[in-house]
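Coming up, as structure tokens: structure 1 and structure 2, two forms of one and the same protein chain.
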Structure 1
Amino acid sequence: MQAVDFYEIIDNGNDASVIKLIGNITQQTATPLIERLVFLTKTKDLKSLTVDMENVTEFDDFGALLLVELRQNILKKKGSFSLINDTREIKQILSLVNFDEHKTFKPASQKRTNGFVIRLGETFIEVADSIRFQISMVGSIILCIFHGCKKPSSIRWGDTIAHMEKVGVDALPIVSLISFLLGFIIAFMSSLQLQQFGANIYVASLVALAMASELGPIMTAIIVAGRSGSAFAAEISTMQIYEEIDALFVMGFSPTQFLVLPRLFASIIVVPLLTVFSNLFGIAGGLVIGITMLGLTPQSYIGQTFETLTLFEVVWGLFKSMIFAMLISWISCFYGFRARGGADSVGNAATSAVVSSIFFIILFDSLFAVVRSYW
């Protein structure tokens, strides 16, 4: 059945045409009609098109799609489109696809880009607002800590313990594995050089100092930022989007005391403990290399480790891990509170929290290295 059997074109001159649709304009016939008639309206320079529905015996939503395509092609050329002799049944079907709405064709408008000065001003305002919010959040945290010291029962210790489990216990396997492999790699690479000078025993010193002073705290903090920091930001941002934080304000609760302090205290308590495990497993990784490749005994390796490590090195690493824990919890909660919009803002908050936390961890570790070198 050819599509030509279902329409007739009458040329009225002056770039005006009438298309008479005939018979059943349904799913079986509309598809070839769309291909043929839309092609004709695109190739002909028409200023007016009229569709006559007098001889249509059956009509469905596929026929409505045909009329929509014809009208859009004519309106794109700034021509006129009209429909005549349409029955009540046809009008009902056309109403289902909102045929009478959007009668004028509006080309997609290009988004106007702002100038450099406007973008610079918007960025400055956003940064200033962000700094203002950070300062107010820090002040709120300090006030809540003072209030918690005066009244310890106001701190949500149950939530704190739950967060300690998530941040510490759940992260212990991955922290241990990565630290073990890190100590393994450090010992292996350093042994390639120290073996040439017969200084195999100093592999234990190198691994112990590197893990306790630098790599243990920083690797633990990065893992916690990726696991727990993103979770903090996602949880709080979800509450912010669903207006649960506003509900806390209405009920007289402090969101900082209710949400931030448990996460902050849990991180400060647990991250140094994770750092201790990181140091132990890093030294264990070096011990494997010392025994299998360097011919050292466990007693000599462990003895050299205790001889090299001082209390200052261990405490210095734990102190840095506490600072990193404060940064992770503060930054993650900050991005959670700043979330606006829909579901995509949850992912943006989690991503920003992780990236910013890692940046500040490395930045503060660099500052600590400079301070220690001039101490």
Structure 2
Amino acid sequence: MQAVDFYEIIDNGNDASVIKLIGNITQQTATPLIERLVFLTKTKDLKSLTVDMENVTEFDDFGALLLVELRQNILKKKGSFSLINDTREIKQILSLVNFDEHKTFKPASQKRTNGFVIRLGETFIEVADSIRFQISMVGSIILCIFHGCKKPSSIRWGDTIAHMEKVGVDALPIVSLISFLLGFIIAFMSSLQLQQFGANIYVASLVALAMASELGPIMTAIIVAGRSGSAFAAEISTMQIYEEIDALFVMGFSPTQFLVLPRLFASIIVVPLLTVFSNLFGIAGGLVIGITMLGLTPQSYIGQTFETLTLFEVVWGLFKSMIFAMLISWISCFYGFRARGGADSVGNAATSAVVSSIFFIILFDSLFAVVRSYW
């Protein structure tokens, strides 16, 4: 389709032109026309432009856009613009798009941005508010635990068991697999070095210590944060959005007691158990390397493992995993309760929960390492 078909330019001299638009000036045809005609008005030094609409058969808002563009360009050069022979239908469309308003070019309105100081202040208020909320949540959890001690039937044990299954039993395969591979990798990497000194048997010690005191608790906690922390945050934030938490509140239930305690208790109980499995499977991974690559017997590998591991080491790891479990459930529930708005806030809550949980797990693990070194 040739754009030429749609207009005709009549030069009247004295820098005045009449553009006669012809036929359909609609969404299908207007785009090339806009380019051409605007180019013409830009290159010609026009003092006045008249657009004749007499032969226009169909017209829509893209046609109106053509007129707006032409008029803006002419007015910019201090010329004059006029429209002639426009029918009632065309006027209707022009009034629909507020044609008279668009005489000058206005940049698309941008979101108002505040100054640095205001943004700093806003961020500070936000952070302070979030800290206040976290503290009040910790307070509320402690109160609910006290209340639960006084009246154990007030704790929702059924929900707790359901969460134990979701957080613990369902995570067992993935925790086992990852831990097994982890033990396998540590044993493999360390064997390459230790073999040079003939210290093959110490691979068992290295794997056992690494798994029990560090990697077991941390890997388990990270997997639980990814699997269950995100689920906690998503569940609670969805409930927040669908007014379910308001409904609980109005029915006189404490949302903390109803939603946080079962998740907290379930995590505290099952994460250490998962860690035990993680340790066992990690050691099993090492054992496979020990037998196949280092020529150790299972007896000697296991014997060396038991010799290296102390009860304190194992219990310390389990204690850490319990703290990690508390962190995961607290942080995830916190982000769940903070959610406001629509579907995107559920996603944000889940993301923030996982990222913050992992950060706090690593942070607390470092603190534990410092504490132990000064013990």
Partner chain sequence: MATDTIIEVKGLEARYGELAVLENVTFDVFKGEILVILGGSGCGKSTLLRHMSGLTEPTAGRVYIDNVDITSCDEERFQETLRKIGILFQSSALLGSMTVAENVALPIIEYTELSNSAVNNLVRMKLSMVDLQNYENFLPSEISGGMKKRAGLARSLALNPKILFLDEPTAGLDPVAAAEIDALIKHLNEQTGTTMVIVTHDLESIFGVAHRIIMLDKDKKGIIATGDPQLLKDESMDENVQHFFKREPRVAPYVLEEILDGFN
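Just so it is clear, the structure is predicted and the values come from calculations on it, not from any experiment. For clarity, a rigid core is taken as the largest C-alpha set superposing within 1.5 Å between two forms. Structure 1's sequence is the ruler for residue numbers, which start at 1.
- Between the two displayed forms of this chain, it is structure 2 that matches the form predicted together with its partner chain.
- A displacement of less than 2 angstroms separates the C-alpha positions of V355 between structure 1 and structure 2, with the rigid core held in common.
- Core-superposed comparison between structure 1 and structure 2: the CA of I90 exceeds or equals a 2 Å shift.
- For N73, a C-alpha deviation of 2 angstroms or more is recorded between structure 1 and structure 2 after rigid-core alignment.
- Superposed on the rigid core, the forms differ at A64: its CA is offset by 10.7 Å between structure 1 and structure 2.
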